Each structure stands twice: as structure tokens, then as C-alpha cells.
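Same chain, two versions here, written out as C-alpha cells and called structure 1 and structure 2.
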Structure 1
Amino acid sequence: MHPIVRTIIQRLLLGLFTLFLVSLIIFSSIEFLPGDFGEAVLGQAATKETVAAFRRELGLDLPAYQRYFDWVVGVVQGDFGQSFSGRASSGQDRSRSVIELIGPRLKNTLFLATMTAVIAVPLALFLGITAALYRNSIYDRVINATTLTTIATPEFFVAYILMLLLSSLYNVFPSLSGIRADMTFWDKIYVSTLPSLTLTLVIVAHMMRMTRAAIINLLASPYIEMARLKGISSSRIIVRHALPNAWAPIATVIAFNLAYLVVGVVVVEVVFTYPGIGQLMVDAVRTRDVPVVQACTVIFAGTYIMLNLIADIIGIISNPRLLHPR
């Protein structure tokens, strides 16, 4: 077998194993709940019978490994169980299934993330490459100082400044992103502009710095020096000599930052009351609705692991040194 195929298969298996361990951690979270959480969910007036029925429904009378197996099978089929909210002490069950809550919100979050990525990735690459090209110039210094400040600033500060400027003082965009399924595509874009802009600012700062570092690292190598001594124009050096070797680090940077987007989305969704899974998760944490929290964690952690795995694999594929190991 080609060594690179073997490496990739190894990485995939490692990723699967990580997913398995992460699922164990997420599943066992319900084990650590205090013993009286049945009363907490159902309310003070819950009778002994309803609490017992609730515990039976969760399967707390079954051994842990069996519940884990049931849970994983459910998750793979998209069934995360019933939400804790909407349970009444009378035993009447008005709760909704977790997947029903998550489904439409996941679509919204994906919309926001895609929109941000489409703007942020080309912008960050352009800024990073030009900053590396004109390094130590005024342009480079201004961009560096700006990005360092953006990175050290909490997302909600950026978000509220944007809201004050672009929504309150100049009413260009709505401050609350109440996105609905029946909106047209352009309406959705219009409504999600401010959250997307906030995320873009934060992500571009990270991505641009990493791209710049990767390119400068490359420009220091002898073959670039050689090309420069031959008298080739600097734009040609970048495009023809540096970029082909830079794809691996740049791809890693992109995947890494899209993974970062996964976390950034939570805070930004809450600021703009954007109906995505980040906001859903925060609400569920506040009401201690564990099944919903588990489902959101599975989605976030799964995406995060996948993106890191993809970055890893792109790094392996595009690195000629790994293609021909000694």
C-alpha cells in the first residue's frame, strides 16, 4: 500500500476513535446529574410515580453500557431523545423531540457559517499574502496592529460596536436577526449581515496572521532567494514559486479557523438573537435541558473534529516530503 494511503487511513481511524471517546464523555455527562434531577425537571409537585416513570423513560434502571449503546444508535439515526422542557409534574408530556428543535436551527447556523466563510476566506488570504509581500511596510504594520487588537477583543464587544454604528446610528441593517424559513435568499443575507460581519472580523484576524506567517516562513527558503536573484518579479515569485508550496499551510489555516467559527457562532448568535443552534445550546444550558445540550455538543464537537481531520489530511496530501518518505 502506498505510504500516504496508509497514513490517511491511520488518521481516519484515529479520528473515529476520538469521536468514540468524545461520545463516551458526552454520554456520561448524564450520569453525573444529581440524583434528584427528576424532581428538578418535573417540578416540585411531581408525584413519586411520575418521577419513577420519568426515570424509566430515560432508562436509568438499565445498565450504563446498554444505555450508551442505545444512545449511540439513536444519535447515528438522528434521534437524540426527548427534550426535558415541557414536562409537567402531572405526568402529561408536552415535550418535543430534540431533533425537531435542532433541525431548522442547524440550517440557520450552517447558513451563517457558510456566508461568513465565503466572505472571510478570500479576504483573509488576500490580506495575508499582501501583508507578507509588503512586510514591515506601513500597510503591514497597520494590518498587524488592527488584527492583534481584534483577536484580543471579546466577540460581543465587536458585535455591539457594529450594532451601535450600523443599526442604531445609521439604520442600515437590522439589529436583531430574526431569520425565518419563508424569507427569500436575499432577505436572509440582509438580515444576517451584522452577525456575519462580526464573525468575519474575528476570523479574518486569525486567518490573516497565520497566512502571513506561513508565507513569510516560505519566503525565507533558499529556492525563493534563488528565484529573486534570477531577477523574477516579486508577484511572479509569490504566484509561481511560493504559492504551490504554501497551499498545505494555508489549507490547514482555513480548516483551523472554520473550526474556530464553530465556537464563535455561539456568542454572536446570542448577541443578535439569531435562531441557530448556538443560541439553542445556551438556552438549554440555562434550563439544564441535558438531552438538547448533549445533541448540540455532539454536533459542535463532531464538526470540530472533522474539520481538524480534513486539515490534517490536506496537509499530508499536499506535502511532497510526506509523499516520498525516506
Structure 2
Amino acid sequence: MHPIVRTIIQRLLLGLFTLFLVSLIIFSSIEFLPGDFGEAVLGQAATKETVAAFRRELGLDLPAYQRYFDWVVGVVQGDFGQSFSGRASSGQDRSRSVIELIGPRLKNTLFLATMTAVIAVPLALFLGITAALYRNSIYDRVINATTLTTIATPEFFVAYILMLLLSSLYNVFPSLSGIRADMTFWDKIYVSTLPSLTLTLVIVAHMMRMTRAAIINLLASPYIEMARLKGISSSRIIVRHALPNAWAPIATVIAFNLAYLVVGVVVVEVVFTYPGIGQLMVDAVRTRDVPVVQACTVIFAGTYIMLNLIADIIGIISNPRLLHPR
């Protein structure tokens, strides 16, 4: 078997094993939470008999290992179970499946993440390449100072500053991103501009600095010096010679930041009341809706692991030395 194919298969198996461990940690963490889920959902006014019947209906009276096994089997089959919300009404079961709740929210989060990535990734590459090209210039120093300031600023503070400037003082964009399914594509982009701009400012700084550092590190290589001695322009040296060899670390940091767009949007979605999966998970934690919390965390973990695997694969393919490990 080719070493690259073998390495990719090993990484995939390691990713599946990591996802299994994450699912075990998620289930155990929720099990260790204080309080009774039945009482939390039904309220303090519920009798002991009602709580006991509710726990039997949901299977909460079963041993923890059996509930974990049933949950994992359901997740593998694409069934995340039924939401606890709506079951508190006596005599009626108005609960919805977890997939039915998560589907539209996940679609909104992916829309926001895609919109941000389309803006942030090319912008970060451009800023990183030009900062490396004009190293130690005023342009480079301004870019570095700006990105350091952005990295040091919490996401919610960036969101509130943008909301103050572009919504309160200057009514350019709406402060609340109430995206709906019946909106047109451009209306969705308009109401999602502020949260997208917040995420862009946060992740561009990391990607730009990694791009700049990777290219500057390669500029001291002997083959770059040879290219300079041949009279090749600096821009062509960076684009044609340095950048292809810097793709491995750049792809890694891009994957990390793209994972953040899906996993770390909780704060931004809460600030702008954006109806995404992060907002759904916060609401589910507040109402102790355990199946929804478990499903959201598994999706977050799976997305993060998958993007890291893609980054590893890109790094392996883009590094010619791995084709000849000896």
C-alpha cells in the first residue's frame, strides 16, 4: 500500500476513535450534571409518580451503560432521538425529533460559516502574502498591530462594537439577525452581515499571521536564495516558489479557523440572536433538553475532527518529502 494512502487511512481510523472518546465524554459529562432531568423538565410542581412515569417513558430509569449504547447505535443510524421539549404537557406528547430541530438551525450555521469563509480565507491569504512581501514596512507593521488587537479582543466585544457603529450610530445593518427560511438569498446575506463580519475579523487575524510566518520562514531557504540570484521578482518568488511549500501549515490553520466557524459561533449567535445550532444548544442547556445537547456537541466534535483530518491530508499531499519517507 502506498505510504500516503496508509497514512490517510490511519488518520481516518484515529478520527473515528477520537469521535468515540468524545461521545463517551459528552454522555458522561451530562450524566454527572446535578439534579434530576425529569424534575427539571416537568417542574417542581410535578409529583413523584409523574416524574417516575416520565423517566420510564424516556428510558432514564435504565442503567447508564445501556442508555449510552442505545444512543450510540441510534447516532450511527442517523437517529438522535426525540427532544424533551413539549413532553411536559400532561397527557400529550408534542415532542419533535432532534433531527427535525437541528436541521434548519444547522443549515443557518453553515450558511453563516460559508459566507464568512468566502470573505475571510482570500482576505487572510492576500494580507499574509503582501505582509510577507513588504516585510518590516509600515504596511506590515499596521497589519500586524491590527491583527494583534483583533486577536486580543473577545468575540462578543467585537460584536458589540460593530453593533454600536453599524447599527445604532449608523443604521446600515440590523442589530438582530433574525434569518428566516422564506427570505431571499440577498436578504439572508444582508441580515447576516454583522455576525459574518464579526467572525471574519476574528479568524482573519490568525490565518493572516500564520500565512505571513510560513512564507517568511521559507524565504531563508537555499532554493529561494537561488531564485533571487537568478533575478526573479520577489512577488513571483513568493507566489510560485514559497507559497506552494507553505500550504501545509497554512491549510492547518485554515482548517482550525473553519472549524471555529461551526464550533465557536455560539457566542456570536447568542449576541445577534442568530437562529443557528449554537443558539439552539444554549437554549437546550437552559431547558435541560439532553438529546439536543448531545446531538449538537456530537455535530460540533465531528465537524472539528473532520476538518482537522482534511488539514492533515492536505498537509501530507502538499509535502513531497512524505512521498519518500526514507
Partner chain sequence: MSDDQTYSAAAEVGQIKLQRSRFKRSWIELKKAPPTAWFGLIMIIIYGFVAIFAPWLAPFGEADSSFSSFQPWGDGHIFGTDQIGRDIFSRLIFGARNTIGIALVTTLLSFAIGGSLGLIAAINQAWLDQLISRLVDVLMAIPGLIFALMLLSIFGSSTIGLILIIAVLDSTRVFRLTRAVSLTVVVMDYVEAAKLRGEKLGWIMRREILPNIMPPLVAEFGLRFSFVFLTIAALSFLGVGIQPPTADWGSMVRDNASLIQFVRPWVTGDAFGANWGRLGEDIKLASPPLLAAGAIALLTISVNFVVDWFLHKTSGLKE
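Residues are numbered by position in structure 1's sequence, first residue being 1. Between two forms, the rigid core is the largest collection of C-alphas that superpose within 1.5 Å. These numbers were taken from a predicted model, which means no experiment stands behind them.
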Practice problem: Please state whether structure 1 or structure 2 is the form predicted alone. | Solution: 2
Quiz item: Using the core for the fit, does the CA position of Thr114 change by 2 Å or more between structure 1 and structure 2?
Solution: no
Quiz item: Val142: with the rigid core matched between structure 1 and structure 2, does its Cα shift 2 Å or more?
Solution: no
Quiz item: Using the core for the fit, does the CA position of Pro154 change by 2 Å or more between structure 1 and structure 2?
Solution: no
Quiz prompt | Core superposition result - C-alpha of Phe69, shift between structure 1 and structure 2, Å | solution = 3.1
